[in-house]
Structure formats: C-alpha cells, structure tokens
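Below, in structure tokens: the form predicted on its own, a single chain.
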C-alpha cells in the first residue's frame, strides 16, 4: 500500500513538472497582442497577414484582440488586475501619455539593434529617424517602434482650386485671401468641428509652433510659475486663433460649435468647405465619398512674418508598437515587431492602407504625395500638440483643450486667452503640490 502511494506521488510530481514545462514552452511560443485596429480595416488586414506569416515561419501563435482605438484605455485595468498582455500599438502620444506615464510600458531600444528577419539590415537601418527620434527621452529610453508615419496639413481639392483660380497659400495673409475667395464662391473656408479633441488642438498648437517655435508650448505647460505665458507672443497666438472664430474673421464652417467627427470631413469632401485640417489618414476615411475627379492636395500650416518658428517645420506623428514592461513573452513579441518592418509589409502597408511607412526608400501613395513633400522639404519637425498630450496629459485635457474651445468660439480674445493660459497653468500645478 505504501509502495503504491509512493508511486502515485512520484507520478503526480512528474505530471506537475511536465505541465509546468509545457506551460513554459507554450509561453515562449506565443504572445498576446491587443491592437488599436478593428477587424476588417485595411490596416488590420495587413497586420493579420504578417501575423500568419510569422506564425508559419517560426511555428508560434499570436493571440490577437482587435480592440479598436481605445486600446490603451481598455488594457490598463486588465494590466492592473494582473492579466498578461504582451504588446499593444497606438500613436506615440497615446502610448507615452497612457502607458509610459503610468510605468507600464517597456523600453524598445533593443529592437533598434535587432536584425529585420529575412533581410540583411537592422531595424535602426531601415527606419527614418524622424519617425521616432522625437520620442527618445533625455535618459535615452525609447518606448515606440513605428510602423505608420503620419503628418498633418490643410487638405483641399486641386481641381476645385484650379477652377476657382486659387493659389495654395503659404503665409497667413495669403491664407486669409484664399478664405475670402472661397466665401465669394459660397464655400466655408475651413471645415471644422470643435467637439473633437484632435481637431480642437490643431490650430492652437500649430500657431504656437509658428509664432514661438518648437517646444514653446511644451515648456510653458510645464512651468508652474506661469511666467512663460507672459511672453507677449502668446497674445499674438491668441489673436490669430480669435480670427478663426465666428467673432473674428469667421473662417470656420457654419455649425462648427456642435459639429463632431466625422461630419466636418464629410462636409469638406462633399464640397461644402474649401479646406480641412487633418492627418494623412484623411484620404482613406473620405475616399468612398470623394468624386471621381477629386484630387487630394495638401499644404502646410501658414507662416507669419513675425514668427520665430521654423517656417518649413511640420508635424511628425508615428503609430507603432510597445511591448509592455511586465510582458511574459517580450522576446517573441519584439521579434514580431522587427518581422513586421520587412520591406514587403511596408510596401503592402502603403498600397493597401494608403498611409505612409516609416521605412526609408518607399514612396508614399499618390494621395499623400503633397504631404510627403512637406516632410521631405522640412528642415525640422515637431510632435503632435508639441508633445503636451503625452508629457502632461492632464494639463492637455484640463487647461489646453477647454481654453482652445473658448478662443475658437470667440468667447475670449487673444489677450484674455494668454492670461487664462497663464492663470490656469499656475492653478493646475499648485493643485498638484
């Protein structure tokens, strides 16, 4: 009887060891990826094909949750509950603001040194530095490896501008002349919706970039004394923003106060407005509504004679991967990141999604030709919202966006806006002491 008990105990121990070993093997041969894309989107389909190829080449499994744009918000409570999620993707600003700020993101510097599978180059060799360089922190850490490269611009129909004899503006005075010509032809100058955060933030931060230069907004946001907002150039920024409003030169489309995504871009593509400021994803989102003769054109945010910013500078906005800090399968997840940066997937990304790739040497789709030229001709670049969304997400949400609404609705003028930015910044940091 004792002998049988010993035998049973031995078998139990051996079975436990086998199961633990199997679990380790399974953990090493699979990883969990929560994606910002939804099933059926062109971007999802390109990534899904790469996943299938990766699984076949390495005999592994990738468990994907096609979560959608709120992926960063959705995964945070799961991580806090102890659930393992190995990798996710989103824009640099959302990854840094949502994951790096909460100390759940893992560093990705080592991926730059990895060989791109099936190629004789490293990840660092094939990536355009501008696609991630702004996200390298002072201590050298990097938390994103991009696979999509975005900029933003004013979009217009080249055919319409040709028919109306409108020249593409480069300066603010030329922009105002363009607006008047559009009005004369019963077109709103700028399609716009103030209820959508990304739209609301574009003009305030772009104007600050032109008037004060790169990092001016970011530096002022982080100044607990508020003294940086006492620079008279901030009032100048406010004056420009006030001109957009219905109380100023009325440059924005009728009903912009209540318009929400996707109404503004549809008003533009349907010919109710002459221009629309947005990221380089806009041709994908509007192509089904664009007429056969619609030709996408893009021009950069206008410059100002008294501006101290680089007049050639444009926004760079990467979307990419992060392998999370406590990932149980980080090596395999990072191997896929390098795998997806192969030339064939970069080319497929451009062809199928009509987006740009951060991989060097691959042309942009025809719809983004003008936007790509803006990047190629820029002497410098800057982050979306000058980095405030990622670096100071609560200030962005509680100070920047509300005051952007006030000035663009014409409820305050330029001087009042600059003073409110100063006062609210002081109050914001004091409440966090």
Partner chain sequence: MDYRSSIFKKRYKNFILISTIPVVTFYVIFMILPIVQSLYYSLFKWSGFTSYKQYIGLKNYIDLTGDSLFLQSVLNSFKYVIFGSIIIIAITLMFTYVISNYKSKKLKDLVQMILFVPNTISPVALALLWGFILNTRWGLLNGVLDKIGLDFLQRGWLGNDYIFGAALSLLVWIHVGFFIVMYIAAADRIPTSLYESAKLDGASSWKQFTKITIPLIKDVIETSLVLWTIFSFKIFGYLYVFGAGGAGADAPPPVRNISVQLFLTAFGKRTPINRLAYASAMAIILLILVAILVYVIRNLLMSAETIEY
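Quantities reported herein were computed from a predicted structural model and do not represent experimental measurements. Numbering follows the first chain given and starts at 1.
Heads up, the form predicted together with its partner chain isn't pictured, but that's what we're talking about next.
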property	result
Sole residue of 254, 288, 118, 225 within 4.5 Å of its partner chain in the predicted bound form, by heavy atom	254
Contact assignment for its partner chain in the predicted bound form, among 76, 183, 158, 233, heavy atom within 4.5 Å	76
Which of 59 to 67, 46 to 54, 370 to 378, 386 to 394 lines the interface with its partner chain in the predicted bound form (heavy atom within 4.5 Å)	386 to 394
Touches its partner chain in the predicted bound form: residue 263 (any heavy atom, 4.5 Å)	yes
Exercise: residue 398 in contact with its partner chain in the predicted bound form, heavy atom 4.5 Å	yes
Any non-hydrogen atom of residue 195 within 4.5 angstroms of its partner chain in the predicted bound form	yes
Residue 249, heavy atom within 4.5 angstroms of its partner chain in the predicted bound form	no
Sequence-ordered residues of 407 to 433 touching its partner chain in the predicted bound form, heavy atom within 4.5 Å	409, 431, 432, 433
